[in-house]
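Taking the form predicted on its own, here's one chain by itself in structure tokens.
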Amino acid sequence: MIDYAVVGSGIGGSTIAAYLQAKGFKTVLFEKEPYLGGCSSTFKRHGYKYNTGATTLVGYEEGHPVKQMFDAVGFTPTLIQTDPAITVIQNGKTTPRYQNLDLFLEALQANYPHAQHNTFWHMVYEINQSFYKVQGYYYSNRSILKNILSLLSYLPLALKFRKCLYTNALQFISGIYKDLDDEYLKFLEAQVLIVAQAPLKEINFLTAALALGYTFNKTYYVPGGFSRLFDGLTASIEMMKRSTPVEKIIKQDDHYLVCTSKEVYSTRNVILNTTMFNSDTLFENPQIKGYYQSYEKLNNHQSSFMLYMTIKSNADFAHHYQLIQDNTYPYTLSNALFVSFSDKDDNELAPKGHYSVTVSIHTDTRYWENNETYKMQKESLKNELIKSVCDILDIKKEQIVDQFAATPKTFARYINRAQLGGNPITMKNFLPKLPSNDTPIEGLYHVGDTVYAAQGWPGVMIGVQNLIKVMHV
């Protein structure tokens, strides 16, 4: 009998599986694809390597959840600190998001002069620095009583951040700046959307401050691509099942049967690193199906359109750019591109003299459901993104040696999820409406970006830490 079966090797699944293995539990990790990481994996196509989606690592520093969990597993990753974390380019203005607040404010004031910058950004900086120092809270959905008790654990956090916890972010920022310039607002919105996965008008100011302030933390580039990091993180797991999709899970009286096309595994506990919005398809048990279906209303259908390129160039590029234009791109939800380049000396991810480039933009899964227009839309948007990247970053078309795109349908085919970016913490789905890492069903748990706490490396790792608390392991 297995102690824990973990389905899905994304950030949450790989981390909790490695942790349970390190604690001596008999653990099996299932992954549909041959590579680990899900949305944060690395894949090979046309002879070149690409990071699938996530291209930055943040939270690997003392007192932060990524470092805490890696230490708990006994894993020390190979990383390159990147500063500035992002180089923002808007209307010909280049603003590096330095970790140092004063350096960033100097660049910001030169491009978007305003008397309130010092007040606002010091507030963002302080919130970001103090947030991770608050400890002791947890979140449970196991029962009504446990839910109430867990919510009471948030009182210290709620009191500390009460001024910005229940205040609309756009209204809060407008109140500070008074005369909020449209160009500067787009500058803020684009950066918030990267982290919070929602616009300012839908989130509270605490969420916005953490999103805007994440570049004040240490951010890293992962040499060799993210799959290399996941391989190291999970190296001690004895029962690693790659290229093994789970077809169904059958609940028994005191255990579960996890069924693949090759074998059936008996396990006391199941941890899903799948989306809440389609996990019901794995089960026939009506109670479990009903539990997952009750959260379908949280599916915002938000996803990503991805452009992948390999370019041949001797130029020097930053690791990460955000390119902001005035108008929203067709078939998308955004006017901003997030562009990531491999390190110039990372010859494992890209051949010498080449760069592996990952470009992402927010879209809606429903924009890609029409089979008659699908190919036209995909080709049109791909070409428009190529033009934007090349024009703004001075890349010649002939330098592109490989290029292709991925839509929400592509992600659904390869990683079993079309919705990407997780479950944003908006004013409408704040606690206690957010699903927890435990469930009312005995032995059934969940990690990932569609459950508590949020998306991204820090958010998912906080969820892993919460899962450990509610499982008492």
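None of these values were measured; they are calculated from a predicted model. The first residue of the sequence shown is number 1, and the count goes up from there.
One more form of this protein exists, namely the form predicted together with a small molecule; it is left out here, but the text below deals with it.
- Proximity to the small molecule in the predicted complex, taken as a non-hydrogen atom within 4.5 angstroms, holds for one residue of K409, K32, H64, K26, which is K32.
- Checking L420, I425, L444, M69 against the small molecule in the predicted complex, a heavy atom within 4.5 Å turns up for just one residue: L420.
- Three-residue candidate spot S140, G290 and P435; no residue lies within 4.5 angstroms of the small molecule in the predicted complex by any non-hydrogen atom.
- Using a 4.5 Å cutoff between non-hydrogen atoms, I11 counts as a contact of the small molecule in the predicted complex.
- A residue is said to contact a partner when one of its heavy atoms sits within 4.5 Å of a partner heavy atom; T244 meets this definition for the small molecule in the predicted complex.
- Contact annotation for G456: at least one heavy atom lies within 4.5 Å of the small molecule in the predicted complex.
- Of the heavy atoms in I16, none are within 4.5 Å of the small molecule in the predicted complex.
- Heavy atoms within 4.5 Å of the small molecule in the predicted complex are found in exactly one of 202-210, 303-311, 113-121, 129-137, that being 303-311.
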